[in-house]
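As structure tokens, one chain now follows by itself in the form predicted on its own.
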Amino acid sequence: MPVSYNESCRVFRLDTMNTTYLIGIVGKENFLGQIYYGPAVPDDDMRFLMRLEDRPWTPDSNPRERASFYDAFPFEYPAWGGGSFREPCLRVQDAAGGGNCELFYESHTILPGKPALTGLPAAYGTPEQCDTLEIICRDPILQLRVSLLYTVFRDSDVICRSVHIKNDGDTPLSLTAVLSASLELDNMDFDVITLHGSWAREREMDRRPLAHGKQEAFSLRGISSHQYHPFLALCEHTATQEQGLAYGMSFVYSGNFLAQAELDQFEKVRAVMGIHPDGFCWYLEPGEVFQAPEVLLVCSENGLGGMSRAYHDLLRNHLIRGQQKHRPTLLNSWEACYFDFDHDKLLELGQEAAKSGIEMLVVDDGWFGQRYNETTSLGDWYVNEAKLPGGLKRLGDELNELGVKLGIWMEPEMISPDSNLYRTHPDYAMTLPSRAPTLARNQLILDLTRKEVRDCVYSQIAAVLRSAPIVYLKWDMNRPLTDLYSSALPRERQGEVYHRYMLGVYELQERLVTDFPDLLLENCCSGGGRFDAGMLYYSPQIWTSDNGEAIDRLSIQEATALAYPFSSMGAHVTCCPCHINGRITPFVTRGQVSIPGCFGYELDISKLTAEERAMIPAQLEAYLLYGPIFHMGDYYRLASCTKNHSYDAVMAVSKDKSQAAVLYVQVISRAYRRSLRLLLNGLDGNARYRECKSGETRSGAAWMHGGLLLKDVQADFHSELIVLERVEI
């Protein structure tokens, strides 16, 4: 059983394929403590790790030192107050303004399957796939009921955690912090890994020794953000890609977050994750409930690579919906012509796509309202007939006759001050009373906390989708949230706006994928500003970055793959010189770096050289043949150009180990060097594999321990896609 309870020692046990998580009930008051999380162990009773014998001041034996007990006890779900001075998961303010909260175990239930989280994205599973433990704790003074949920999948090394809170009393309470999960670990010379960045350089990996105090990543922008990412890892300092202990925490949420690791005076580590407390206050009336988002926990003995593979499998099998559907190759109009297009130009792009074998044309920004530039028309989701006579239907029908599908771009969460919608409903924009609105990209934010605003937006989206043969929608979001205020909420509920906004986005996207089940939804947020597990629940792929330049994409895709599969990464061949950094990269390299992701082009094909245009069919064929290995196979990081500053290599192996693909990029040519020895990974050591280009055949063990020799080429930005196939002996 993946979930069990040992009544004799009062210990809960969660077993994934390779790890064990133990929770214990302690003392007469039923404190709930975290005992162990790590590689699988057969023992239930490991309460010695709680070090209760080190503390003669436990409440049972010495009530005068209760605060000291709170300061050191490894609470499973720590609340603020009573002497708990480390970062809490829960802060509650009562009607009198008091701030203490004490949670004690009350009961538990083991459920088959996994209950859905109301209004939130979350992993899913059937009773045959998983079990869920619900532990109910209570503060008897506040009459606050806290349900801790843990789901364990039989085919995964991920534990899903979430929290459900109910006010069982007769007076209102204010939740001023509700985080979703906490880990209590002994420091094992840990490094902490976070992902940081900015627009066009999302998710750069930052690995540093864990120091005393708090180290954190966070967002207060209303989105998971370009600047930081809702992910945190702790790993042994000596841990590599394939060796050493690593812990991961990934947040299934797309708004403000806090991911924090704290090393305390006892050399204990507390890692917490959840909605950021700043700007958050949830007013909980008697009988009301609050559901916190989900955190995905991973422990791996096989280094960062083992952690990544666990996340990839969980997301593909139990969170991303529509994972198995074919992802069409596409041509996006944005870098091809920006706002400057009409029907004839788009049809010309479609004709070029058809000649090359590209499956879909995506009409990006500029097809609606009076949208000739970025200053106008967001919110006016109807076709600009001056640009597109006959509308999207005419264009879609003509593309379909060519064998090309139609996709479109929209930015449904925003409104332009210069728009018909704003002139009719200025109250739909989120603004502060008595203050001038804060613009970003000449746009304001729609107040999606309000049902009438959501209904207005959705009715427009649905009308457009029903008007034409549209099979793909790119949902963009191009600014952070500011001026947080909703005219529909009373003063005491203004601290709910950030979260209610995110719930509104989730509701809209859920309606969309429910009403249009065959629609391929791709999320985008100025590139990768909202690339997170929450968005993946609604869209199986996300635009990874507005920076599609191949060499920059190496580091972006490397860090993204730390927690997300390649099947989730939108990756296009873009213009050269690159419109963002000016770099000139070979067309071959641009194509091969994009093949592991969701493949497409973002340029004007007619402006390519004849040699480059001739390469497109081969790139498309390579994607159709080998993209699935990267999408569905096991991921191995072989080399990182962010570390060696010279070359990059990533490998994927199909689940049945019959095929493998290696993407190698020589970033900088090296003078007077011998061939590079690249050790492969993940193959069946006893099987034999043929390298498809050269025909060279060796055992899997020889490829992994002897390696692949790569000759130095006298060129920067050179790439090779190397494919191995298992052969019968």
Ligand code: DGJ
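One rule holds for the numbers: they count along the sequence shown, beginning at 1. What you see is a predicted model; the values in this text were computed from it and never measured.
Keep in mind that the form predicted in complex with this ligand is missing from the display, and what follows is about it.
In the model of the complex, no heavy atom of residue 623 sits within 4.5 Å of this ligand. Under a 4.5 angstroms non-hydrogen atom cutoff, this ligand in the model of the complex has residue 524 among its neighbouring residues. At the 4.5 Å threshold, heavy atoms of residue 553 stay clear of this ligand in the model of the complex, well away from it. Among heavy atoms of residue 73, none comes within 4.5 Å of this ligand in the model of the complex. Heavy atoms within 4.5 Å of this ligand in the model of the complex are found in one stretch of 82-90, 143-151, 364-372, 190-198, which is 364-372. Proximity of 441, 474 and 543 to this ligand in the model of the complex is complete: all three residues have a non-hydrogen atom within 4.5 angstroms. Taking a 4.5 Å heavy atom cutoff to this ligand in the model of the complex, the contact residue among 302, 478, 659, 323 is 478.
Scanning 635, 334, 498, 537 against this ligand in the model of the complex with a 4.5 Å heavy atom cut-off leaves one residue, 334.
Along 393-410, a single residue, 409, places a heavy atom within 4.5 Å of this ligand in the model of the complex.
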